[in-house]
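Before any questions on binding or motion, here is one chain by itself as structure tokens, the form predicted alone.
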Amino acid sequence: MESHGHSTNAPISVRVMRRDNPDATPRYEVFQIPHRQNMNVHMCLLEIQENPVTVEGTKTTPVAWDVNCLEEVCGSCTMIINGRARQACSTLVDTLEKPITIEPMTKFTVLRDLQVDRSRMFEDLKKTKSWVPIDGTHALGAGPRYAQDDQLVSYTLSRCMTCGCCVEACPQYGPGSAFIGPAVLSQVRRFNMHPTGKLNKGERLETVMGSGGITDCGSAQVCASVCPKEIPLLDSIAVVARDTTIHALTSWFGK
């Protein structure tokens, strides 16, 4: 359980899981860093990078982790912080129980330290054609109008940053499963409701009706609770499940 008490100026103990390469045995190293007001976990890692010396006084290598926007928009700095998947940029030290334990995500191959290979998520987005196709790059004029209710839903779904928090929590997602996960299913919903994207709706539904698709969802319902953008993932899964059923029936009786 996290502590939400007042901050102190006491040094912070940070325990980091280290791994030199994908085949190396993981180990923990503990660092003590000075407290700074309003510091986030990313700042903790920067302190270690500047002075990579453990509490035992052992000189070590700087910790490797992915980082980009620092505004909880790109999702690249997702890691396990005190047992929960979240972003290093938006997780404030003063809201965490001490010592702070930082580990890489468990559902992806660890490249080094806190860096993981999330390319599987992006490959699944490609598999489901989660984009709006256009004919060339020339000006096509104003696109079709959205109903206001659809605009609100689409904007909410568009906030997904493919951070991986939902699949980290999902018991059906992992190295031994082909399940594409809630984030990709939600993007299928998003692009199926787009005025131009819906032209490929049938193709997307056929894809998610296959191996690793909607039927692999075990309805654990934990994905939505960990999403940092509060995307209605359960609604998206329900919509895609309904659409695949209608598509299957329509295809069957249309033969």
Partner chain sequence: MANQPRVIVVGGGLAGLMAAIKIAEFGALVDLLSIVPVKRSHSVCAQGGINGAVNTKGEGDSPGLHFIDTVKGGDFLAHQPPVRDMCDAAPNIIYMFDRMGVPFTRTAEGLIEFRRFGGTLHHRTAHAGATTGQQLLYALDEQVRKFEAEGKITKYEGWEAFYPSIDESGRCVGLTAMDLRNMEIRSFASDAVIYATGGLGAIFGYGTNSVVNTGAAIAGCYQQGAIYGNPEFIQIHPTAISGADKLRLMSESVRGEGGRVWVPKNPKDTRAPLTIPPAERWYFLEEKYPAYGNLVPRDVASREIHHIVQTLGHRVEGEEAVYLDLTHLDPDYLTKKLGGVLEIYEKFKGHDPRKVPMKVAPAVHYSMGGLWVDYKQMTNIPGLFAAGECEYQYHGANRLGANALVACVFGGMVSGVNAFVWAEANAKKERSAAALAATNQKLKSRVNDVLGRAGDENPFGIRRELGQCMNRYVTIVRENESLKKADGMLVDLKKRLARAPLPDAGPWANQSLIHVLELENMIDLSRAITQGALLRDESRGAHFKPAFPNRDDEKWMRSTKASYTPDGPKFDFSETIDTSLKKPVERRYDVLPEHAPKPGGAAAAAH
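Numbering follows the first chain given and starts at 1. Small disclaimer: the values here were computed from a predicted structure and weren't measured.
Keep in mind that the form predicted together with the partner chain is not shown, yet the notes after this line are about it.
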Q. All three of Cys89, Gln148 and Ser158 touching the partner chain in the model of the complex at 4.5 Å, heavy atom to heavy atom?
A. yes
Q: Could you spot which one of Ser211, Ser219, Thr58, Gln49 gets a heavy atom to within 4.5 Å of the partner chain in the model of the complex?
A: Gln49
Q: Give a yes/no on whether Asn21 approaches the partner chain to within 4.5 Å in the model of the complex, heavy atoms considered.
A: yes
Q.
Within 4.5 Å, heavy atoms only: does Thr162 come near the partner chain in the model of the complex?
A. yes
Q. Might Arg118 be said to contact the partner chain in the model of the complex, defining contact as any heavy atom within 4.5 Å?
A. yes
Q. Is Ala224 close to the partner chain in the model of the complex, meaning a heavy atom pair under 4.5 Å apart or at it?
A. no
Q: Determine the residues of 69-83 with a heavy atom within 4.5 Å of the partner chain in the model of the complex and present them in sequence order; the list may be empty.
A: Cys69, Leu70, Glu71, Glu72, Val73, Cys74, Gly75, Ser76
